[in-house]
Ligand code: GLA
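Next comes just one chain, in structure tokens: the form predicted alone.
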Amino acid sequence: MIYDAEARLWLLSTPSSSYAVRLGPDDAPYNAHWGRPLTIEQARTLPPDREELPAEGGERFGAASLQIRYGDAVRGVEWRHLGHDIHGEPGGGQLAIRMADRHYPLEITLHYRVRPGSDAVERWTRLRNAGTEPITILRCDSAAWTAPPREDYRMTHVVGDWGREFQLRRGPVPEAETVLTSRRGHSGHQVNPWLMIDAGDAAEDHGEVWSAALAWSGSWRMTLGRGQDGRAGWTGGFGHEGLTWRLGPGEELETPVFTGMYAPDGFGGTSRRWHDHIRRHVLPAPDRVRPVIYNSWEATEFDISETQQMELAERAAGVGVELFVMDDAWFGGRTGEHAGLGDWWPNPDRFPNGLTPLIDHVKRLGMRFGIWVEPESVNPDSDLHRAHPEWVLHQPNRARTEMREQLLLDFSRSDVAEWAHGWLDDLLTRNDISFLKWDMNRPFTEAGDDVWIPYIRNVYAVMDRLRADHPDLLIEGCASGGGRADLGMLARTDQIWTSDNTDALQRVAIQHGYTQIYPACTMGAWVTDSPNRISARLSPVRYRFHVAMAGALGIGGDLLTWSEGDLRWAAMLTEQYKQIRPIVHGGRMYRLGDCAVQYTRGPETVVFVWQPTALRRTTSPVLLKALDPDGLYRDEETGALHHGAVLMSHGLPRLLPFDTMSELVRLTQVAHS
């Protein structure tokens, strides 16, 4: 980080980009550059462009990042620069630009951080009421991002719903404003809190792409604007329209991190930069091996017993599973959706001696044990709700909305958060549990303005405390599938349950969208029964495994009904997955079209190829990427040798028979010709 006092200019540099901020004549902070690397001398020639955090007021008519109402009903901000602080570190550093309003006692600090070896620029905002009267915050975004002038713009994002999350969409940036948002209290199935912009000419391997992702697991909003001058930029942060926050005297509000990424090498380069950044600087335990999981839900739903779980564990161990997870209905009076949530002790009819006999059985089989929890919800028919009805999210004179026969606990309350941490910590302390599947199955209702932010922060705090007290614990984040996948949740979990839809064909598209930003090691993917319970589609066990092996492999079918042939396939493919897991989880990902993906780590490369359907077949070769053109590569299954240049120019032939639908190829570079 470099500061030029004469130009009032700050230059942040990453391995492949530069980001420049400078003050205008009005003291407001402006973006001057976000793109290819510049020297301080080059950046000095650039004038202020668009505001770093556009405030309401004056000649500003676009979407405001910062909207303030003071006690006398005056709105807006007039900037006054107070100073800055730079804290350097090798290859990175932090910058804080300290600002204030010219008349009112509001202090505004713009924070920036760059990390060693990462092209990400992390930004967030802190407000402080330095006066004696309360201030109302109508909107406070983490950051605004400015795309440089181009003839045209295109936006990339994902859309979806339950069971069809992360559907990639790419199209023109319309004039005026486009809002991406979740008003549900979680980051959402319908859209995910990230956005990419390009000039309409980027492709997988070339072209400039600007992107940003928000580290927040609650409601959020991004507003993409294209003004009368044709320029595009966007602003984003927590909350959604209509929410306000009261900032009392001496109080502060700090926003979540909004991370931006510039890539000069297309959408593929963008994804790899995000994957590298998340693995190195976001995940709490990036080098931890994600175990092969078996989850009992689809085999049992609510009808479970100790004997049945033991039988499933025996089958799971037989196919090479490393961690057995018991899902819903193990606790309280939970025999269906209508009762028991909130009563977190083993159901005495189903587990008369507690969890110990099952856990001991699982461990004797050579596996670790995990369990499903939903700490944020409660059934009205539960001991917890009867004891503490006031703990439920509610408002006076308003009905309490039930969804899925459940209500939502008010995690913005410190007593609720303490209760949740207490029973979770006790569960983990009393039992040898290695893994929590933390689910959240309903949106917010009857939530006041003062709930939305502290609720999510208390969820984070409980997770953070559990990880600190149980350092070997793995956590999978889940919200009815992929409803809470974001950088905030990934900072506290090891993986995300990507979707409740485990149909292999539809999962190819879901995983294609998920990995635009998030790395494969975080992408929970199950092999389940055929026909699939959602789509009723039949698919070969090999195809189901090949799709799931491109992420963090799990098995979720009813293994007690699988044929001996399918069980043998499962054991063989699980063992193969363990061999390639370091490459898939730690390697660099290259998309080879919509239905093929390559992972490369050092001399090793893994390629997955999936046919769209058994009836619509693709015969074109799969051209590999990023190999040594002078290298010689051995196919580890056939022993055949391939030249790197040939694999990249002529590719792997698609010789899939009609009953196969998928292929996995593992290559090792054995020579440099």
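Since the model is a prediction, treat every value here as computed from it, not as a measurement. In this text, residue numbers run from 1 along the sequence as written.
There is also a form predicted in complex with the named molecule; it is not shown, and the following applies to it.
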query: Blocked or open, judged by overlaying the named molecule from its pose in the model of the complex and testing 2.4 Å from backbone or C-beta atoms; finding: open
query: Close approach of Trp526 to the named molecule in the model of the complex, 4.5 Å, heavy atom; finding: yes
query: Close approach of Arg364 to the named molecule in the model of the complex, 4.5 Å, heavy atom; finding: no
query: Touches the named molecule in the model of the complex: Arg581 (any heavy atom, 4.5 Å); finding: no
query: Residue contact check: Trp391 to the named molecule in the model of the complex, 4.5 Å heavy atom; finding: no
query: Stretch in contact, per heavy atom within 4.5 angstroms of the named molecule in the model of the complex, of 244 to 252, 570 to 578, 324 to 332, 105 to 113; finding: 324 to 332
query: Residue (of Trp79, Trp297, Phe444, Tyr460) lying close to the named molecule in the model of the complex, criterion heavy atoms within 4.5 Å; finding: Trp297
query: Of Ser211, Ser480, Thr515, Asn379, the one that lies within 4.5 Å of the named molecule in the model of the complex (heavy atoms); finding: Ser480
query: Any residue of 493 to 519 that, in the model of the complex, places a heavy atom within 4.5 Å of the named molecule; finding: Trp497, Asp500
